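Heads up, the chain below is alone and in the form predicted alone; it's given as structure tokens.
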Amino acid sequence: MASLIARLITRKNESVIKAQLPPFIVNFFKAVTLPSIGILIFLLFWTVGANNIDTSLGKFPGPSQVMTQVGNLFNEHVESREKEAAFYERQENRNQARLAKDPMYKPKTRAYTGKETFIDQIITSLITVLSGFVVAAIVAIPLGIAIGLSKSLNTAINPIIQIFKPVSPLAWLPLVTMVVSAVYTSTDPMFAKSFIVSMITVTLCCIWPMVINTSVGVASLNSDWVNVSKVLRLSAFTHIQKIVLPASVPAIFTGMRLSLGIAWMVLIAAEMLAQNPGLGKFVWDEFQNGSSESLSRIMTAVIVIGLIGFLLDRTMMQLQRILSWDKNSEVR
């Protein structure tokens, strides 16, 4: 009884405080202060834990070591760009000098072949994951709509989806690698084989959530809307455009957000094994390197991977809010 009275008093005090404070202060506290407190507590536990963990390469990296590596990796990128600019400048000067001596000389231009920097690898990973995600969306969303509209098609395809949905990317990767090596045999390929392998692996693993959520959203249409479409005698295309798609946007975007999160996780493992020059390869190379800075560089990559995944998810949420007629439909 005493605890019940205490809870009631606490709730009453909280309601009084909320009533006294302006709404923007309450919103600021929820949006900024509480997450900041959570992050500070996490950093405290991380620092204490790192100081008490010894590995074969030294102490486990804490926040300070990660911040140091962020600066080091950025400086390496700047130095690499300066070397690239100097390389092309020397090449241009050499060609101009040869042309001055021999006007018939055909200048030769060679591409800079320096090592990819951490920022270059971030860009490569983003291009790869978005390419695989777009290909998956092009296949999955129309297929999901068709399955949602047809119970017969749903019955026919559902077993295939349930079989392949739980397959790990590590199982797909050897098969994809062999198929790409057998089919993609151009002597002057537009894209590297490692990029194609990683992209297809991402596509295969993130296609299923989009298919399932899209089909569920389409199959769950309000019967009144379907009846209105029948009364107006809308064509199949118009029915999908005016009724199905607007009503299914929340479910479609839920599937897309799930797929994008899966795609980002799958990509890191795929890049490690396929040696696509992205973040996965960076982590693997640093693990193989085994230098005194390897652990802190790997931890930096882990933090960056998490931040990029968070930003990708927020971006999908904003797109859903823009495109959906129901502004409160997104899953937070």
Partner chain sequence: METQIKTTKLIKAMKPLTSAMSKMKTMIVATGLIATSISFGASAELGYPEKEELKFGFIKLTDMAPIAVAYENGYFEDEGLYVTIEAQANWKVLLDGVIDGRLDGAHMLAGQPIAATIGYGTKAEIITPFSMDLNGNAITVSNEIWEQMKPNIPKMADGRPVHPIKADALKPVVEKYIDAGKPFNMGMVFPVSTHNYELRYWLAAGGIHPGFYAPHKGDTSGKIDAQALLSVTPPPQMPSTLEAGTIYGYCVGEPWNQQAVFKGIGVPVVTDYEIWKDNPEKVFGITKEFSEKYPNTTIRLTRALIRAAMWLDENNNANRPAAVKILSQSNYVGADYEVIANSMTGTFEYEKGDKRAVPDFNVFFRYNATYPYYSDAIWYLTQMRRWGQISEQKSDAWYADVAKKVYRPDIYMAAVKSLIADKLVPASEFSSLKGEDGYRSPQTHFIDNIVYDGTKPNEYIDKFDIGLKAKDKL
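Here, rigid core means the biggest group of C-alpha atoms that superpose within 1.5 Å across both forms. Nothing here was measured: the structure is a model prediction, and the numbers come from that model. Positions refer to the first chain, counted from 1.
Another form, the form predicted together with its partner chain, is not on view; read the next lines as being about it.
Undergrad: Only one of these stretches, 231-239, 110-118, 201-209, 127-135, has heavy atoms within 4.5 Å of its partner chain in the model of the complex; which one is it?
TA: The contacting stretch here is 110-118.
Undergrad: Find the only residue in 290, 38, 306, 49 having a heavy atom within 4.5 Å of its partner chain in the model of the complex.
TA: None of the others qualify; the residue that does is 290.
Undergrad: May I ask you to state whether residue 105 is within 4.5 Å of its partner chain in the model of the complex, using heavy atom distances?
TA: Yes, residue 105 is a contact residue.
Undergrad: Is the gap between residue 91 and its partner chain in the model of the complex 4.5 Å or less for some heavy atom pair?
TA: Yes - in the model of the complex, heavy atoms of residue 91 and its partner chain come within 4.5 Å of each other.
Undergrad: Is residue 65 a contact residue for its partner chain in the model of the complex, using a 4.5 Å heavy atom cut-off?
TA: Although its partner chain is absent here, residue 65 would stay clear of it in the model of the complex, with no heavy atoms inside 4.5 Å.
Undergrad: Consider residue 269 of the chain shown here, and say whether it contacts its partner chain in the model of the complex, taking contact as heavy atoms within 4.5 Å.
TA: Because no heavy atom of residue 269 falls inside 4.5 Å of its partner chain in the model of the complex, the answer is no.
Undergrad: Going through 51-74, which residues have a heavy atom within 4.5 Å of its partner chain in the model of the complex? Please give them in sequence order.
TA: Residues within 4.5 Å: 56, 57.
Undergrad: Is there a C-alpha shift of 2 Å or more at residue 74 between the shown form and the other one once the rigid core is superposed?
TA: The answer is no; the displacement is under 2 Å.
Undergrad: Aligning on the rigid core, do we see the C-alpha of residue 106 shift 2 angstroms or more between the shown form and the other one?
TA: Shift at residue 106: 2 Å or more after core fit.
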